[in-house]
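Just the one chain here, laid out as structure tokens, in the form predicted on its own.
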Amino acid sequence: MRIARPPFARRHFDRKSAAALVGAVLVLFASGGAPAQVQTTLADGLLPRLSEWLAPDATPDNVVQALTERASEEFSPAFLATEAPFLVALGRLAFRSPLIFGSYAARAGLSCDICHSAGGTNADFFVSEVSDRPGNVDVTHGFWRRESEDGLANPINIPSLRGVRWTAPYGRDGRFASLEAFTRNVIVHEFAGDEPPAVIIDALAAYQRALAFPAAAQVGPAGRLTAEAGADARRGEVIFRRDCAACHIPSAGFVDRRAHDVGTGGHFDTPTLFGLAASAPYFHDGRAAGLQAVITHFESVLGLTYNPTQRENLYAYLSAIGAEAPPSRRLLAIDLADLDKFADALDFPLNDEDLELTDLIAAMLRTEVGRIAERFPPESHAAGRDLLQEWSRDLIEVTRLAEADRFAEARDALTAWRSRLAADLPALARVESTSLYNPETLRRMVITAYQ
């Protein structure tokens, strides 16, 4: 990892200081109202921040792809309707925010979304000190929290959270009965965050519960393949139902809600197989690089013997049920729409005159403004960058009014801020094609930075 690790004595620091430091493809503006020093080249800004989460051998194409694509975020309409909109909006915002973690993770720009992109898994995540391969991370390493150090090199594979509502218990070993307990453990014990407000835990749990399993086009009701599936996949389904379906129950999201010893060194929770194609490597420790290695492993553990055709059929079946929607392009309009939705979460603490929560949510919103600002290099997009700096200052004004117990004015200021987003969109959209939202513009800068 390219950031020097801070001393443990600095593990706790205030949220506003964190907001001026966090990275992961963003630049924030300082809480005092003046813009923090803005990086002026890709080599000083976007590239090293992103590279912190990529393996050392990442290529320019890897960097461009990571910066211009985002996994599809899918929600269950039925369950989304059962969650409070405020909690889902706040949870989705907090999921992206480094400000809920302890000082080192926050400084480095880590967030839930860095590891679980759009609720799925980031198979490219890599930190040299705590990852043995991309997609793995040691969460009991003193790198994150001194008290968690167990003296073992034991990275675990980052699991997908899609459909997590149906897959209790939680954690690779199934030690947590509730999403709330699982989420609190990640924040406080794995990544050294301070005890979060109860509403943040509730919100993160609500967001996760609303996540749907990835849509597999060839899977129908009760987890059975549809007629669109190929003949090889349908033959593989017969093998799977005979040998694998006792634990990966198709009608139950391919889980059985139990932990099993499958020859990987302990009892571990049965993972869903939806979204399998995008979540390599496999098993709790990521020991299997691909699905063929998974099949070979279970042949050995279960005493099975498949001929080459059977292996190919089973592979075809797993690929069919594990398929998910392709990633989407990162676009300015989508980021601004998200920003406006996230602002819904700020309405409630302002109405309740809750200063602490107002301050936290406003800081998270400034983080999101910073992510957009990083796409507009100041040397070539000064006007767009100035607009975004003004957005950040306007959010600071909302907080300042709340701190002065002028909540009615703060609510009006938030309304005006949201109107400004819509009014400023055309000016930013006019220069989007030459900004770092454009993959080709980004590619040229990445290649230059690599030279």
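Numbering starts at 1 and follows the sequence shown. Bear in mind that the values here come from a model prediction, so they are computed numbers and not experimental data.
Below: the form predicted together with a small molecule, not depicted.
Taking non-hydrogen atoms only, F213 never approaches the small molecule to within 4.5 angstroms in the predicted complex. Interface membership of C247, defined by any non-hydrogen atom within 4.5 Å of the small molecule in the predicted complex, is confirmed. Within this chain, E312 is remote from the site of the small molecule in the predicted complex, having no heavy atom within 4.5 Å. Though the partner is left out of this view, L99 does not reach within 4.5 Å of the small molecule in the predicted complex, counting heavy atoms only. The partner is not drawn, yet in the predicted complex one stretch among 220-228, 346-354, 360-368, 155-163 has residues with heavy atoms inside 4.5 Å of the small molecule: 155-163. Only one of the listed residues (S319, S76, S103, T270) places a non-hydrogen atom within 4.5 angstroms of the small molecule in the predicted complex, and that residue is T270. V137 is the sole member of A192, A278, A71, V137 with a non-hydrogen atom lying within 4.5 angstroms of the small molecule in the predicted complex. Using a 4.5 Å cut-off to the small molecule in the predicted complex, each of T183, H260 and F298 places a heavy atom inside that distance.
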